[in-house]
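Given as structure tokens, the chain that follows is alone and in the form predicted alone.
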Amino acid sequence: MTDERTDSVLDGYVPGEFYCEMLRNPEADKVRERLAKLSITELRRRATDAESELYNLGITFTVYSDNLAIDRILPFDVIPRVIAAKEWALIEAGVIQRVAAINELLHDLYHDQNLLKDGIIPAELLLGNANYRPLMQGVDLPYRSYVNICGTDLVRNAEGGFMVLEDNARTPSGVSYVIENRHLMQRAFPDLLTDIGIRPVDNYGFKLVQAMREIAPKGIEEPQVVLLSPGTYNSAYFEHVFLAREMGIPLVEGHDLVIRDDRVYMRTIDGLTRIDVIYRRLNDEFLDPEAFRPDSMLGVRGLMRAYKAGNVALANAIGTGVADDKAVYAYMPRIIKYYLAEEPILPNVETHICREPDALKYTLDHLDELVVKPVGEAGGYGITIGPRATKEELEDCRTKLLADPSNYISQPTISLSVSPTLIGNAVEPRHVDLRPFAITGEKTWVLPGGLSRVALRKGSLIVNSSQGGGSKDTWVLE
């Protein structure tokens, strides 16, 4: 019976009290009209075909569980998320502003530290941060560009306003899904896309390699760029292969590179080839066993010497993780005002820094109302969502807060926007966020759209792929 449903895609779809990305967007009329011409059965059939294509193309991520590495297809929902041109202009400006402030913060931190002298942010929050790298002190970078690839996580609240949830300034992932999702939609739903006027995403690889060449050491006419991957067992290895292909550059691992006279070379069948820029998808501590972890088998011995000598550029720079710490995030509005003399275009979610006594007390008193996050975790791990937690989970969270308050922040539970999502043979509302990707060389460019992640479990607010989330194609209208 479910195989013969003729009701259209949005028939019976009820978003409830949540802000709906499809129904509340007046510029999505044409998309809604076209969806109305599709039956649920037809949508399900095409979605099944799309899932098969994802599997055949090997578009996967890896979940690490019980010492096993399990490759999974990233769930893809075929109902697109549509963003109006005017809304995108605001997001784009806000992301560019934020990246500029982050780069100014990092340049200042690794040079004069005026921010700390002026008391804008507690010194121990930066200098005591696990991602602070004293080796970067005094290292000058082209255009003060520390964060060359940034993923800024945004959510939309019940009133429809976009807010920044967190910054990803180390090695943000997910852009490959943005581009592959678009390719998939172009093949499976050409009738939905035709004449809508959607901004393209295909030039990301070109923009990225262009920025990499801009940050190359001076005086090199044709900079040689490589993408450094930890290897096939990394959860984002598919993306590393994808991006190297899109950029037209070699994909290498640590053993493919060697340092000679503080310069980086790639081993080839024809001998050594000099490398000028490394887009690294490897965390700081594994990059150079001489400078960081001596047991690292993934990096290149002596790379930091070549970097400090100005003979190779690294993207992102060493030590950028300070800027995407969740406690530092709370100070971003002040950081933007301090360096740029501007008000933030995109506001933060209200944040309580539990290392501060008043904030800790407030968090403990309102534990069942707040979302509590560890400052150094990623992927949605370690989060306690107060209104949905059991008594045991709340008590466990309270114990951890009291034992190590500096490791936590808390935020109010945001009523995240929803988007119609195909669940089985029905379309239901599911919560979404948005990760725009910004590329910075001499200037900053933002990929139109970004990764819309969707929490596929009913009622869930956690969109991370490792926690059961999926993705959608994001359409920014011309």
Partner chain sequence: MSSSLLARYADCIFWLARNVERAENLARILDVHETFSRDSRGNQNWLSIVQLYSDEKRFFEKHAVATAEAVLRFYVLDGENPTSILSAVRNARENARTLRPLISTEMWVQLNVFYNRLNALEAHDLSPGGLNRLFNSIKEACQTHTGVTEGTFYRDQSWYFYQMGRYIERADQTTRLLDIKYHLLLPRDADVGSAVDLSHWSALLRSAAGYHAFRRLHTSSITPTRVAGFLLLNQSFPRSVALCLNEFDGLLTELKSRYVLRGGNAAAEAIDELRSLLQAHSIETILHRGLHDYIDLIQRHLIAITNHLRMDFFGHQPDADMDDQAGQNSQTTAPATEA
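Since the structure is predicted, the reported quantities are computational estimates derived from the model, not experimental observations. Positions refer to the first chain, counted from 1.
Although it is not shown, the form predicted together with the partner chain is what the next lines describe.
The closest heavy atom approach of residue 224 to the partner chain in the predicted bound form falls within 4.5 Å.
Taking the partner from elsewhere, residue 270 is found to have a heavy atom lying within 4.5 Å of the partner chain in the predicted bound form. Residue contact check for residue 36: none of its heavy atoms lie within 4.5 Å of the partner chain in the predicted bound form. In the predicted bound form, at least one heavy atom of residue 57 sits within 4.5 Å of the partner chain. Look at 114 to 122, 325 to 333, 238 to 246, 159 to 167: in the predicted bound form, residues with non-hydrogen atoms within 4.5 angstroms of the partner chain sit in 238 to 246. Highlighted residues 176, 202 and 208: none comes within 4.5 Å of the partner chain in the predicted bound form, counting any heavy atom. This chain appears without its partner; in the predicted bound form, the one residue of 153, 285, 104, 256 with a heavy atom within 4.5 Å of the partner chain is 256. Put simply, of 100, 346, 141, 266 only one has a heavy atom within 4.5 Å of the partner chain in the predicted bound form, and it is 266. Heavy atoms closer than or equal to 4.5 Å to the partner chain in the predicted bound form belong, across 20 to 36, to no residue whatsoever.
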